[in-house]
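One chain is shown next in structure tokens, namely the form predicted alone.
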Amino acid sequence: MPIMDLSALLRASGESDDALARREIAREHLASYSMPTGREEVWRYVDLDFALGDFELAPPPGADTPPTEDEATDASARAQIVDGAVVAAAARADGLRCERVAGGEESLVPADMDIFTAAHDAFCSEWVEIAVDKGKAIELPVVVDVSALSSAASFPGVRVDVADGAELTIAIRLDSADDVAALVVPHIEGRVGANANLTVVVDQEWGRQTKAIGQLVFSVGRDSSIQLAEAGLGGALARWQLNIKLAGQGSNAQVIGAYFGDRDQTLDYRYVMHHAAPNTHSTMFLKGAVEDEAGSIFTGMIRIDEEAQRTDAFQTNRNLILSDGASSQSVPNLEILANDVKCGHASTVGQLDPEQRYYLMSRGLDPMRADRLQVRGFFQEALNRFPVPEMVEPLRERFYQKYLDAQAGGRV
């Protein structure tokens, strides 16, 4: 299989012998792997109509790349990644570090998972690294902008380290223009120490020709919590593989998601919540809609180890199909090895409720306005749970506008 020029690895500088050895292992994996197919369970329902070798490695960003505004006061730190390269990273709060670091260091994501994780290990030349000192509570969020400007392959990386007793909020924005036919493989990973709190909000609006296959991986320590919220609106193919490991006793995770696909988009979510310690708690709550010929996939796994007694876990996935040509797959799973747990799931796929439409019309609304109100209300429950209140209203309007555009074009 043709593969991108592996000589690009030589661009990395200042790496340790261990880092270079990991790159060499990643190269070996990359050379031996083939593209995944829908016959593999973790890729079920997805048709990858491209090969990794179809893409050149994104060139270094030019000097005219717009930098992040260093003088902005709405963030404790700001960073910018363009085509996989870190072009800005600066912190403005005591006890907080936000900087560019060389790639090649050990990751929470196994390089041998698939061809994409191997490629990330091989080609990610630098990361944004964000770290909070012990006991520090950072008030304003850290903002990270990840962009694709070139119709090429890029491998952005964001690494987070929240020390014991610390608190941090991160807002990550992912975007590209509609004419950018890029392949982006972002890895966002983090470790949360004991008695610490991490909040991560991901705002994904890739352009219509961009394909993104990303990893979200976190390990959570004793008596700590993570909140993860993701809004998915863009991309030709936008896929997240999430793995949260509740590694410490008394740890807690809350995952919120809202996604809306139109035209021929595929929005793909493969989520694993791994309870590895006793007295842990988790919730997953995702709502999605599809229209036109779009498709969505959610597979959720709650895995409870034998040692994870007194676990309390639940996952919910609700889906709305707005056009005859759209499709949605929702597959919840449980793997329970402990015998003292509370665990469950709820999953639905359906259309707009005709009884609700009738009720709203009886109150004076025409059918189109009644359907708009249903769609708006459907997403309300998920978006209202987003942990950064300032983001909720702009997101709500973007979700709503997607349906308005389809109505105006006679597509729903």
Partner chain sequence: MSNALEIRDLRAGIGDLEILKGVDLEIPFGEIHALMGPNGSGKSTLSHALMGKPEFTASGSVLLDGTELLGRPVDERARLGLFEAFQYPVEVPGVSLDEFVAELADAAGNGSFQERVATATAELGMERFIDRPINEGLSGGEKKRSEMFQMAIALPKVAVLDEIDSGLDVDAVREVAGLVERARSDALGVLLITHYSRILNYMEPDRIHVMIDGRIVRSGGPEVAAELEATGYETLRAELGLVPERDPLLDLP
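Numbering follows the first chain given and starts at 1. Quantities reported herein were computed from a predicted structural model and do not represent experimental measurements.
Here the subject shifts to the form predicted in complex with its partner chain, a form of this protein not shown in this document.
Residue 376 is the only one of 385, 376, 29, 345 with a heavy atom lying within 4.5 Å of its partner chain in the model of the complex. For the options 356, 351, 37, 34, the residue carrying a heavy atom within 4.5 angstroms of its partner chain in the model of the complex is 356. Not displayed here, its partner chain is kept clear of residue 53 by more than 4.5 Å at the level of heavy atoms in the model of the complex. The closest non-hydrogen atom of residue 48 lies beyond 4.5 Å of its partner chain in the model of the complex. Contact between residue 62 and its partner chain in the model of the complex is not found at the 4.5 Å heavy atom cutoff. For residue 41, no non-hydrogen atom is located within 4.5 Å of its partner chain in the model of the complex, even though that partner is not displayed. Shown without its partner, the chain has 355, 356, 358, 359, 360, 361, 362, 363, 364, 365, 366, 367, 369, 372, 373 in segment 345 to 373 as residues with a non-hydrogen atom within 4.5 angstroms of its partner chain in the model of the complex.
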